[in-house]
Ligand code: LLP
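Just one chain follows, in the form predicted alone, and it is written as structure tokens.
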Amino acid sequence: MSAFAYRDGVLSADGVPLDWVASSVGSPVYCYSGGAITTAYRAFEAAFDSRPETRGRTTICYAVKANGNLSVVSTLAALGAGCDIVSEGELRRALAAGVPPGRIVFSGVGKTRDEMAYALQAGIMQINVESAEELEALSRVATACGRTARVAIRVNPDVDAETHSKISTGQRHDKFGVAWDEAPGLFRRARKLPGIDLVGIAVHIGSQLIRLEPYRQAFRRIVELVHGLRADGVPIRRIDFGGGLGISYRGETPPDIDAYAGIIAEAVRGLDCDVVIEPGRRLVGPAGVLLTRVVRVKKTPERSFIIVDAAMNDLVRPAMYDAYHEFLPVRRPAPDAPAAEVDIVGPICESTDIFARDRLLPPVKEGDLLAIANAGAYGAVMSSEYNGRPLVPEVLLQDGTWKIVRRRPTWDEMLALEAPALDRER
């Protein structure tokens, strides 16, 4: 959380006190540090530019699924980032944010034919194919469109990413990628299909990885496959190494970006190939907080509840993954303030609407403002209007100023897309 620090007793980022934002915009509200996003991107860029194997041959494609806000994507695009997208909607977002089509990779297991056609017409850099059936469908779509699809085949290396089971993607039982033992045959098949230009191989084993060893194992298998394919006459020109680098939610030591780049440089040494990486959470997760205000403090004989105005529809990770997020008072508490165990909960009518149990927190009262840390990734992008609650606004902080980059919808706007039931004769 280095981007967010107390300044004159108030939690601030990029020179902006967070209570200013909440006072103007209301709460809950997401706040993103443009400076933190820039610093994180520059760290990846420097790590890969420092090595001869990857210098000038690496495309950093931001994983839009982590946070699709146009201001976030355009901030990264201005720095030179490409995008990793998983739907036509994300592709349209990337293009609207100014990302060149030639720096966009389309991943995902369920691309529709319409999505394939739109991507081909846009002229994107690469489509990552995840099954024999998808490859055949893409060939037919490309032929019908009169286009050639630049393709990388995503291989499942059957490596345990040592992360949460719901965000692990690189083991045999996962839905992602082509099985290791079936991959060589599919690569040979791809070379013969019309409308297909086989350019590379892709891998992605999961999200929120805290150790580098699973990467090393997966990349070793991919390089082994590249050597075998080339010996078989299949020219692999590009390796897409995916993403998944973790961040510190609860005191974990996240993988070092420079060490990560070193593993990839070692993997491609002597291969004479281009490199794609797809960081998401690592670029934006620590750059965001969700501001929420205390609605009331409720005490029962068994527990003390801090009820806040944010809820699981605004930040679903704790309910979905039992994920941990630190809570910080926006006004710095006194150094000797006694901490007590409380449950921090939202107002939704679900028992799962709990952000934290038995969390040590200094005394808070109705109206106090709290910041939910490390909420820049998989926060607003996964939100909903459950319980008839408006989507949370988003604000970008930068160089001492701030801007609303997604406003809170009005009640009328929320209802405008729906219609009452049809009148029926009785």
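Throughout, we count residues from 1 along the sequence that is shown. What you see is a predicted model, and the numbers here were worked out from it, not measured in a lab.
As for the form predicted in complex with the named molecule, it is not shown, yet the points below apply to it.
> Residues in which of 279-287, 305-313, 229-237, 113-121 have heavy atoms within 4.5 Å of the named molecule in the model of the complex?
Replying inline: Comparing against the named molecule in the model of the complex, the contact stretch is 279-287.
>> Using a 4.5 Å heavy atom cut-off, which residue among Arg317, Arg103, Arg293, Arg189 comes into contact with the named molecule in the model of the complex?
In response: Exactly one listed residue reaches within 4.5 Å, namely Arg317.
> Can you pick the one in Val99, Leu135, Leu245, Ile264 that has a heavy atom within 4.5 Å of the named molecule in the model of the complex?
Replying inline: Flagged contact: Leu245.
>> Just checking whether Met382 would be counted as a contact of the named molecule in the model of the complex - the rule being heavy atoms within 4.5 angstroms.
In response: Contact check for Met382: yes, within 4.5 Å of the named molecule in the model of the complex.
> Given that the partner is absent here, does Tyr41 sit within 4.5 Å of the named molecule in the model of the complex, heavy atoms only?
Replying inline: Looking in the model of the complex, residue contacts with the named molecule do not include Tyr41, since no heavy atom lies within 4.5 Å.
> According to a 4.5 angstroms non-hydrogen atom cut-off, is Arg51 in contact with the named molecule in the model of the complex?
Replying inline: No.
> Should Lys65 be counted as a contact of the named molecule in the model of the complex, where contact means heavy atoms within 4.5 Å?
Replying inline: Lys65 belongs to the contact set for the named molecule.
> Check Ser107, Gln208 and Tyr321: does every one of them have a heavy atom within 4.5 Å of the named molecule in the model of the complex?
Replying inline: Answer is yes for this spot.
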